[in-house]
Ligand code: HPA
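Given next, in structure tokens, is a single chain: the form predicted alone.
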Amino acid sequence: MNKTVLHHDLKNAVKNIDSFTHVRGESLYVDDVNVRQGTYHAVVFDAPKAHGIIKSLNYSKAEKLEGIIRIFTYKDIPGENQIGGIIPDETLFAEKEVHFWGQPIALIVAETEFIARQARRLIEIEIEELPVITTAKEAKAKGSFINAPRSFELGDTSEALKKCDYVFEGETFSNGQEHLYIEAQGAYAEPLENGNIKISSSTQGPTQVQKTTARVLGVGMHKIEVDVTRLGGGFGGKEDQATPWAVMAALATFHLNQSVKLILNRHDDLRMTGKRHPYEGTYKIGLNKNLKIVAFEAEYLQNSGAAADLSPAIAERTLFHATNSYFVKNVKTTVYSCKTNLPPNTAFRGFGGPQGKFVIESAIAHAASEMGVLPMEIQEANLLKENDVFSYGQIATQVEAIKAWNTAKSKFNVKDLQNEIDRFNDQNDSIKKGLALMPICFGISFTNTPMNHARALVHIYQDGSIGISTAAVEMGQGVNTKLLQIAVDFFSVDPKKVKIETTNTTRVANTSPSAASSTADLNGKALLKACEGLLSRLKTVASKALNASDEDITLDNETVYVNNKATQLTWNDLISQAMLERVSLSENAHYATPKIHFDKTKEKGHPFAYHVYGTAILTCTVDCIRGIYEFDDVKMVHDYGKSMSTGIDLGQVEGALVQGIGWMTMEEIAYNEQGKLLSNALSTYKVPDLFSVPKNIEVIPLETEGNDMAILKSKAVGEPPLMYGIGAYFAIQNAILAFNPNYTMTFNAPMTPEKVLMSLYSK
């Protein structure tokens, strides 16, 4: 039975406001939208080959099917056939050439989804096949890239390596990962008057959907309204890749002046959408006799897929996190975004950071094995200290790396754990245990500085109730609950008085997506500013009514206090008085993260508001006859800062950890040489279930003062804990080494049972 322990005071924790409707099945998603009478349904016809020239496309048979309304192609686009964001290199519909298996070619609109799917089988297409590239290494060899490579440098690695006592080189591979959000991609578009269109979308980026739809339709953004109630999971897969389905639905609505619903089924979603980027990498690590990492070089080949999507930004974050939680004086890291004939790979929790961290952890494990020391000895000797410098120029401040490590070592008695494992392995021949430590350091902010901003609109209604609109998209991470808590704490009102509105581009415009672990920070800070503006005006109203100064006025439990003494003036009375005095009870606030900056021409700057730290200890048991394994314990000391919602934050840590373990151990994306997805169903793509999660998860919050750049000093918690899962790979490897001392470490993730079995008996 899985047991989770959180050593924290939960008395003031806010209950997740979505939990009640979630467990009752009453929470609303795009597929639950009440559709208009006569709404049409759409299905996408996509490329059945990975690369080739379209010689002919015949959908005359499909058009004749009863119930078919219309079939759209690129020829029906009134604006630009372009949905690329960072680089304009991706069409909504293929024109003359297809670049990946699953690329949209046409949209079938029918009276029912069933009819549209029947019609899809009747479409005939002839494609003259061209060579297919599926791996990053092959793409590099052929000079196939999305953009120019990027490099970060610190010191002089060439000279430093010459002076090292030990130098080791190796290769790594980390596979992709399917997002597998419970709610598949989808959208519902409806026509409004005067040519306006409203889109209900399952997206992390409402403004991106709005902007791209306007671009494709050739209209102003003001004509497009995007509304998001919540997502049934996103994990980055709906940051950019929710956009095309919304645009397609809107395109059909634009032409037909009727509502159109487009919801992908699971197989279509798996086939047509991108994953976490697979990375092929090489490293060179140099150490001295004191186990200090003197120099580190790495080259990362990112499999970007057929178009840029967010690959350049993800590649950049790989460089930002290349040295994980360690200080290395001499660093040179280079990343290539390699263009292949796979669906464009995209954002995934961690956004390139996990792939970078896996490489340096592999290099450390390699070095430790060759030097005859434990990896944790090298890890501990190189942890970041205050005022160390990262390879991108930012000075490390409020560093918690050593404190987190030492707390984990002492609280969980790492030495005793290792001794117990050694004794167990000595006494058992066919079952072996392994232990690994995984420190983390993860920067919080969009690394594209202009994206670090947010807005909030707050209305206090005349009955004292409150409506809050921000750009934050609720996707299971509990951001709505945190926003509610901010308002409730600030105004000291009953939570039942506060409503968190849907995320809507008409109410809050020009927003960044809910991503980069920054949603609560950015939108929460904007909400605080809005609340401050309102409270300032309300205090002035109260001071007049009570003949007191503004500075003496406070609110507590819906009562106005003067010099900490309760008065007869209630919250509702105060709002009524403000209405009588014609005081504005609405506030629109904007927040932009201060201090951060980054110069891409120099590859130096201060891109992160702060960093999150922590250390995990993972133990596993490997069945050396069958190659199967289970995780006994994961014990963590995690840097929450001053958590404002411990229950929600704990859930994020647990979920991220298990998702990271899944990526490292069992989730294996497979394409054949023709670019066809083989892991195209839950029967061929394995994710962690109840029986494969760790038996025991224990989390101790790191005692810290938090960081002022975080919302109420409560640090971001979405992405950082996923990195703990990387330790799972090395725990399994250590168990393999205990069984087979002749095993030569390889760094090819995920470490599936098949790979474990082969490694156990390798010579």
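One-based numbering along the sequence shown. From a predicted model like this one, the values you see are computed outputs, not experimental measurements.
Here the subject shifts to the form predicted together with the ligand, a form of this protein not shown in this document.
- Annotated contacts: F491, L538 and V583 are all free of the ligand in the model of the complex [non-hydrogen atom within 4.5 angstroms].
- At the 4.5 Å threshold, heavy atoms of T447 reach the ligand in the model of the complex.
- At the 4.5 Å threshold, heavy atoms of E239 reach the ligand in the model of the complex.
- At a distance threshold of 4.5 angstroms between non-hydrogen atoms, R317 is in contact with the ligand in the model of the complex.
- In the model of the complex, at least one heavy atom of A516 sits within 4.5 Å of the ligand.
- This chain appears without its partner; in the model of the complex, the one residue of F631, F100, F351, Y188 with a heavy atom within 4.5 Å of the ligand is F351.
- Checked against the ligand in the model of the complex, the residues M451, V373, V167, L122 give one hit for a heavy atom within 4.5 Å, which is M451.
- Here the chain stands by itself, but in the model of the complex one stretch of 609-617, 89-97, 264-272, 438-446, 438-446, has heavy atoms within 4.5 Å of the ligand.
- Residues are counted as partner-facing when one of their heavy atoms sits within 4.5 Å of the ligand in the model of the complex; in 300-314 these are L310, A313, in sequence order.
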